[in-house]
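Shown next as structure tokens: one chain only, the form predicted on its own.
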């Protein structure tokens, strides 16, 4: 018999992104990407999309480097939080409890096998829109302001890892995640792995870090309602001098309609439309893509750009530098 599904984790909650160009990065995320600032604390600015219910989904922190600060998930209850903490401590990867910031209550932190920092919490501060942002529909946290790309919600992120197979074994034990899709190379190595804690097709992905480094970041993604909005975003990025890396196009893995850019500090950011794909099957069997299949490129034949395999943050100095 397969193990009982675990639903202790509700959803991906927020991502802390580090920037060594805080003013420029903030301008991008607010005025071009279309997030709303909800607060500031220390060196961090808290941001969210107009249909995110929490106080923030992106914590943008000024730092001497770029990349990921931490990844946060929200538990389904206090009891669920305690169950996950007990499981994580038994795995020997716990860091410990930290006080919450402006966005939420206390959180339990731990590390994945690649040294990325995660946290889980339950108590949260839900966003309350000021009068000029209140929507006509009371089941929506904020009006769609139409600023920049006006992204709707946090969708997923992608981290780089030296050993993706180790992550594939780790996340289901730590978070109760399911593996929805994966890439297995001819060598037997796992080239990529996509996970979900709910019925979304994925909330986090890991792909192989070809530099052999630890703890690096690939991209963070916010969703829009329609493919047309992704095409409009391409024009908005063009008009604002934002570097477009690849897309618009459709992924073969997970079928997401995508567009990738670099924000001013060099962190990769995606705007995407996931369509209507949901994983409703309770005993979903992991879809495995072969190396040969992935060489065919994306869904409609666009070849995967080389920088997609080499660019991550923080950057890795070239040999001899």
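As the structure is a computational prediction, the values presented were derived from the model and not from experiment. Residue numbers count along the first chain shown, from 1.
There is another form of this protein, the form predicted in complex with a further copy of the same chain, and it is not shown here; the text below is about that form.
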Considering 115, 169, 189, 228, which brings a non-hydrogen atom within 4.5 Å of a further copy of the same chain in the predicted complex? 228
Let me know the one among 252, 265, 30, 62 whose heavy atoms come within 4.5 Å of a further copy of the same chain in the predicted complex, would you? 252
For residue 42, is any heavy atom within 4.5 Å of a further copy of the same chain in the predicted complex, or not? no
Taking any heavy atom pair closer than or equal to 4.5 Å as contact, tell me whether residue 281 reaches a further copy of the same chain in the predicted complex. yes
So, residue 205 and a further copy of the same chain: in the predicted complex, are they within 4.5 Å at any heavy atom pair? no
Does a further copy of the same chain get within 4.5 angstroms of any non-hydrogen atom of residue 104 in the predicted complex? no
TL;DR on 205-213, 91-99, 157-165, 244-252: the one with heavy atoms within 4.5 Å of a further copy of the same chain in the predicted complex is 244-252
Any residue of 180-204 that, in the predicted complex, places a heavy atom within 4.5 Å of a further copy of the same chain: 181, 198, 199, 200
